[in-house]
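Here we start with a single chain on its own, the form predicted alone, put down as structure tokens.
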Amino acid sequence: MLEFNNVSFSYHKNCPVVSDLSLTVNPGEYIAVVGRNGSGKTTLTRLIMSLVKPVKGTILFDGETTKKYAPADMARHIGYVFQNPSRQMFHDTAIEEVAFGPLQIGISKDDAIKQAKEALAKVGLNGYETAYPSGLSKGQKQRLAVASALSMAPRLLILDEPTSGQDQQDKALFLTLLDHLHQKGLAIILITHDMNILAEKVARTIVMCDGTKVYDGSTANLFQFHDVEKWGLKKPTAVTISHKLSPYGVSFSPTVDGLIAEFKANERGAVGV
């Protein structure tokens, strides 16, 4: 679906922000992009959306170069949700906000409203059609932003730190929404600093450091076999605990659920069950 081939980009001459980046995003994948601030994560997403263009290399979408594509062209296929959803909301009601994208690509008002209602229902905001977007909670605003993206029927959804500032309940609801969308076949790229979310939810992780890709593979392997601190990452809680308990026969687990399963297995073994 999406392919980067030796892509480099710089905002200023001789000061690359992304260097010689190659990667592939396949249909239906759930991928995380992580790294310390300034590592090139956001620039990667801006390149995907054609907000900036490579100075070297090529980006392909469905085998076609995106060199000639404007951001509006990419928005027909890829949804983008900002870290601060308020930055992308400009209308007085939720239904107007979600219908805006379809209207811009020539869909009739009746069909745009229909698609907007369906998108609001998908994110659990049915009944909020006339709500004022700025009056919604942070979690509701994030779901509204996702609905705006879904109204365009994208094949890929990019989310930049979508759970930051949310309480635990809103965070859990939002992550369950992403799980549901992924199960329905939507490809997701998640930018996050939350390593617990990364370990619990995402199978493949790309690590960026100083504008280069330093890791691309299994999330579990990332935490089991690599010193992630050198890339500015923190180990998930379960990883830290399982490493400390390994001398006592506890196997590695990157997730809390996996760690609990290990404890129960050890307990059964201890009593001969």
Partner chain sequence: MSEIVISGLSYTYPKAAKPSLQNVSLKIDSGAFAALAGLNGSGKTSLCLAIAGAVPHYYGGAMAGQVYTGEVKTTESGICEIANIVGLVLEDYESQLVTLTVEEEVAFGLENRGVEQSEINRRVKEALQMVGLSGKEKQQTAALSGGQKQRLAIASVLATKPQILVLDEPTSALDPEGASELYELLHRLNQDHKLTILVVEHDLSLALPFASQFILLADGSVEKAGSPAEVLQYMGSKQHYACSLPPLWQLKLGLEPEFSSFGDWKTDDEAANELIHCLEKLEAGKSA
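Treat the numbers as computed from the prediction; the structure is a model and nothing was measured. Residue numbers count along the first chain shown, from 1.
Only in words, not in the display: the form predicted in complex with the partner chain, which the text now covers.
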Checklist entry - Can you say which of 211-219, 242-250, 24-32, 56-64 gets within 4.5 Å of the partner chain in the model of the complex, counting heavy atoms only? => result 242-250
Next on the checklist: Considering non-hydrogen atoms and a 4.5 Å limit, which listed residue (His182, His193, Lys122, Lys114) is close to the partner chain in the model of the complex?
Outcome noted: His193
Checklist outcome for this item: Picking from Gln168, Ser108, Asn126, Thr176, the single residue whose non-hydrogen atoms come within 4.5 angstroms of the partner chain in the model of the complex is Gln168
Item to check | 4.5 Å heavy atom contact, Lys264 to the partner chain in the model of the complex | outcome: yes
Checklist entry - With a 4.5 Å heavy atom cut-off, would you call Val17 a contact of the partner chain in the model of the complex? => result no
Next on the checklist: Arg36 versus the partner chain, in the model of the complex: is there a non-hydrogen atom within 4.5 Å?
Outcome noted: yes
Checklist entry - Does any heavy atom of Lys138 come within 4.5 Å of a heavy atom of the partner chain in the model of the complex? => result yes
